[in-house]
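Just the one chain here, laid out as structure tokens, in the form predicted on its own.
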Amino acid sequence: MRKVSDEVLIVDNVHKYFGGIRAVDGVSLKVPRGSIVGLIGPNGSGKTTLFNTISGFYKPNKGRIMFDGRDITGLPPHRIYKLGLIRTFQNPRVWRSLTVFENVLGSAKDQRGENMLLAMIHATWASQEKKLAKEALHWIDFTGLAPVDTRFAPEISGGQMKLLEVARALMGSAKMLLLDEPAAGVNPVMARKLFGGIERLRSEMGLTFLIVEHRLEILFDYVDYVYVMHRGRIVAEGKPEEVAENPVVHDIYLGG
């Protein structure tokens, strides 16, 4: 029987190189189930590369990644997605020719209507389609996107696009979300609304989050634990208040 540990994500000594550049240089971290964990560091420290490696967009040169008791090292993104580990992007990647509702609906897994043979037989997928449509509307309402659900994705604001990515991840039956700078380019009110939604998802659904974010004044109000990356390595970790007082972190951000 597969053993499920208290840590839903375990990154063990992971390396990712690009030629002579050690973008991720022996990173190890653990994310407990049902937690909200921050990953911070200056630009170029390797945070997004680490996210790309965890989520399968890059294969690590060395190390191991475990998710929900499974070894996912080197698996392609679509297989990792199906396991429930879903990432968002700093610049939201949405289907621009579709409405908000269609974007969310299209993110559901294992839709029978996508099968070429079953698609020709309406009865095989009609009931599932109705069920998924109700679920999509639920997540649209949950994320506050109901007022814009019929608008095309490029017509909504940047903050709403971030919420749309979250709604799509929820529609994909996420167990854990990797959020890459969810507050970037978002006004403070919308940013705190988004983080409030993250906290609600954790408390009501038990979801787990690993969040890359530069706006520390917002992030530190919501996370349980923080890892600090610099030059491809984890150089500090701890509770938000501990990291805020860490002299190593001060030196990194102030250039000391």
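These numbers come from a predicted model, not from an experiment. Don't overthink the numbering: it's just position in the shown sequence, from 1.
This protein has a second form, the form predicted together with a small molecule, left out of what is shown; the following refers to that one.
- In summary, the region of this chain contacting the small molecule in the model of the complex, judged by heavy atoms within 4.5 Å and restricted to 61-69, 215-223, 37-45, 190-198, corresponds to 37-45.
- No residue in the set Ser28, Ser55 and Phe89 has a non-hydrogen atom no more than 4.5 Å from the small molecule in the model of the complex.
- Mapping the unseen interface onto this chain, Ile234 falls outside it, with no heavy atom inside 4.5 Å of the small molecule in the model of the complex.
- Taking non-hydrogen atoms only, Val248 never approaches the small molecule to within 4.5 angstroms in the model of the complex.
- Contact annotation for Ile21: at least one heavy atom lies within 4.5 Å of the small molecule in the model of the complex.
- When contacts are judged by a 4.5 Å heavy atom cut-off, Thr49 counts as touching the small molecule in the model of the complex.
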